[in-house]
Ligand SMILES: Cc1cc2nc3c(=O)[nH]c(=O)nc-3n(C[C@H](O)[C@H](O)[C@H](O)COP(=O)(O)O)c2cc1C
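Take a look at this single chain, the form predicted on its own, given in C-alpha cells.
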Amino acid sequence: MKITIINGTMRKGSTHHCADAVMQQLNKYDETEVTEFFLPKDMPNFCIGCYSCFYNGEHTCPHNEYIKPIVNAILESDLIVLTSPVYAFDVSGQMKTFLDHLCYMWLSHRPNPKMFDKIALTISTTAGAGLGHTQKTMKSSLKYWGVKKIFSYATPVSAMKWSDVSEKKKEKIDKDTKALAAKIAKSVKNAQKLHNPLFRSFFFNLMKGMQKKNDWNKTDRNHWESLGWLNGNKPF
C-alpha cells in the first residue's frame, strides 16, 4: 500500500503520534510504502493568487518546484493522509496555503482521474476545541479533488504536548486507530468496487455542463475535452 502523508506542521506532537499509530496498524494488513512531507519545510511559499495555474497550467505556478513532488506522490498513492493540529479553530497556516495551491485540481477546474479511486484520511487533535472546522477544511479539498472515500480521526487530547496526554487517552487512541486502520485497509483493497459518492457524480455533471460553455479558460476546457468528458466519456 502506497501512502502519502502531508503534515500541516513540523511539530511531531499529538497529531503526528495519531497518524503514526494508524500507519503502524495499517502495516499489519499490508506492506506499506510511506512518503511523508512536512510543512512548511517541503512547501514554504504562500499562494500569491496569480491565477497562472488556472489559466496557463499548474507547471507555471511560481512554486511548482515544491508543489510538483507532493502532487506526484499523491497521484501515485493508494491512501492520502492530511494532518493538522487545530490552530485558531482551523488548520495550520502551512496546511491552508498548501491546499490553496491545489485548487486547480478541483472538480470545477482540472480534476485528475487518478484521484477518483483514492482513499483519504484526515487527522487532527486539539488541546481544547475547533476540531470540526479543522476537519472540514481538509475534507473539503479532498472532496473537491474527487477522492472516492474519506475517513477522519479527530480527538481532543486536553494537553499541549504528547508527553502530557493521559495514559487513559493514549489507550483510547490506540484502540480507535486500530479499528480505523481495519476499515481503511478494507477500503483500499476494494477501492474500485466502492460506491461512487453521490455528490461527486452530481457536481461533476454540473461542471461538465459549465465546461461545454467555457469560453473564458481554454486550459480547463482543453483538459475536459482531451479526456473525452465533454463527448460522453464517463470517468466513473
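Start at 1 and count along the sequence shown; that's the residue number. Quick caveat: nothing in here was measured; it's all calculated off a predicted structure.
Beyond what is shown, the protein has a form predicted in complex with the named molecule; the following relates to that form.
With the partner left out here, the named molecule still marks one of 73 to 81, 125 to 133, 95 to 103, 108 to 116 in the predicted complex; by a 4.5 Å heavy atom cut-off that stretch is 125 to 133. The named molecule is not shown here, but in the predicted complex it comes within 4.5 Å of a heavy atom of Y87.
In the predicted complex, no heavy atom of L121 sits within 4.5 Å of the named molecule.
For V157, a non-hydrogen atom is located within 4.5 Å of the named molecule in the predicted complex, even though that partner is not displayed. In the predicted complex, R11 approaches the named molecule with a heavy atom inside 4.5 Å. Contacts to the named molecule in the predicted complex (heavy atom within 4.5 Å) from stretch 185 to 213: none.
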